[in-house]
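A single chain comes next, written as structure tokens; it is the form predicted on its own.
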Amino acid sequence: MNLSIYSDDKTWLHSLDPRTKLFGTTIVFIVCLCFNHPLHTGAIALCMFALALSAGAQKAIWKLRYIILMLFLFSAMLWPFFTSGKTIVWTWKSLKLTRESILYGLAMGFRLSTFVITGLILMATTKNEEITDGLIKMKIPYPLAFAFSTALRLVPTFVKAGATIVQAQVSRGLDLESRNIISRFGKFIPLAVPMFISAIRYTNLLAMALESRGFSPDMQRTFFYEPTMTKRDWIILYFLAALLFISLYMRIILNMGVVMPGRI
């Protein structure tokens, strides 16, 4: 089972400095938070999907397509019941839907989808080593950078271990397909025990491996890969900074892209 998200392609986004991609990801998140109208958040999501296509990250998005779809659907369906507006379109007893809440729910669905797609673009075009080096170049303490990169490595490892455990139990006769969804969910609970044991065992082996190699977070390190900012990186950063300024100006000064002014 191949759970790796990184794609070893030679696209323009792969060749950018990791600091540019980290700053860019942060700026896209902030721009998404500037608007809560579905037209604006939907346009941002469409732009990020086009960026994923140009960077060859569509395979990573395809792997998590169901998660992205479920995030969008759940947000679009649930948020309207937890927010209220002025234009009522449907009521039933204590429940009511308004035009503003429906639009807000769609905007939140697009926003969450954009967050996931943007993160997948970063992971599909940047190696873990490059992310670590980029964080260190940004003056992030090495223990934090190392912990972040280690977490990125452990997530697919744990997911793979969980999938292996499920497949092993199914081969032994465990039925995970029949009956209702609640009963099927209950059958997964006993599988959490070997999953936790596997996670503890792996982290213990990782700790022993680091200790045997004399790992110390306070040591001065040199790196084979040294990221350098090029002219293209600076141009992209200036463009993203301008985009962020325009988005903040539209939200704060012009009050554009807002369906519910009191909410982010």
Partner chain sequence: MRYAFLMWNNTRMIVLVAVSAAIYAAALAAFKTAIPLIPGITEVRVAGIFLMTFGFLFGPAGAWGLGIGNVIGDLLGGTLGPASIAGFFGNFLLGYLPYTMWLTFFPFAETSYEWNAKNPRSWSAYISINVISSFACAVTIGLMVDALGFVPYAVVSRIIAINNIIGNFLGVILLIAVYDVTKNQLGLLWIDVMRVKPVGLSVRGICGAWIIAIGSIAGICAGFIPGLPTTAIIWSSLMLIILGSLIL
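Positions refer to the first chain, counted from 1. C-alpha atoms forming the largest set that superposes within 1.5 Å between two forms make up the rigid core. For clarity, every value in this text was computed on a predicted model and none was experimentally measured.
The form predicted in complex with the partner chain exists for this protein as well; it is not shown, and the discussion that follows is about that form.
Engineer: Answer with yes or no whether Leu120 is in contact with the partner chain in the model of the complex, where contact means some heavy atom within 4.5 Å.
Structural biologist: Yes, Leu120 lies within 4.5 Å of the partner chain in the model of the complex.
Engineer: Taking the partner chain as it sits in the model of the complex, is Leu64 in contact with it (heavy atom to heavy atom, 4.5 Å or less)?
Structural biologist: Looking in the model of the complex, residue contacts with the partner chain include Leu64, since a heavy atom lies within 4.5 Å.
Engineer: Quick check on Arg232: any heavy atom within 4.5 Å of the partner chain in the model of the complex?
Structural biologist: Looking in the model of the complex, residue contacts with the partner chain do not include Arg232, since no heavy atom lies within 4.5 Å.
Engineer: Though only this chain appears here, would Met70 touch the partner chain in the model of the complex if you measure heavy atom gaps against 4.5 Å?
Structural biologist: Answer yes; at least one heavy atom of Met70 falls within 4.5 Å of the partner chain in the model of the complex.
Engineer: Heavy atom within 4.5 Å of the partner chain in the model of the complex: which of Ile88, Leu154, Leu95, Met138 fits that? Just give me the one.
Structural biologist: The residue in contact is Leu154.
Engineer: Heavy atoms within 4.5 Å of the partner chain in the model of the complex is the criterion; list the residues of 79-112 that meet it.
Structural biologist: Heavy-atom contacts within 4.5 Å come from Trp79, Phe82, Tyr104, Met108, Arg111, Leu112.
Engineer: After the core is matched up, is the C-alpha of Tyr202 off by 2 Å or more between the shown form and the other one?
Structural biologist: Where the cores coincide, Tyr202 still shows a C-alpha shift between the shown form and the other one that is 2 Å or more.
Engineer: When the two forms are laid on each other by their rigid core, does Arg213 show a Cα shift of 2 Å or more between the shown form and the other one?
Structural biologist: Yes, its C-alpha moves 2 Å or more.
Engineer: Kindly check if the Cα atom of Leu112 is displaced 2 angstroms or more between the shown form and the other one relative to the superposed rigid core.
Structural biologist: No, its C-alpha moves less than 2 Å.
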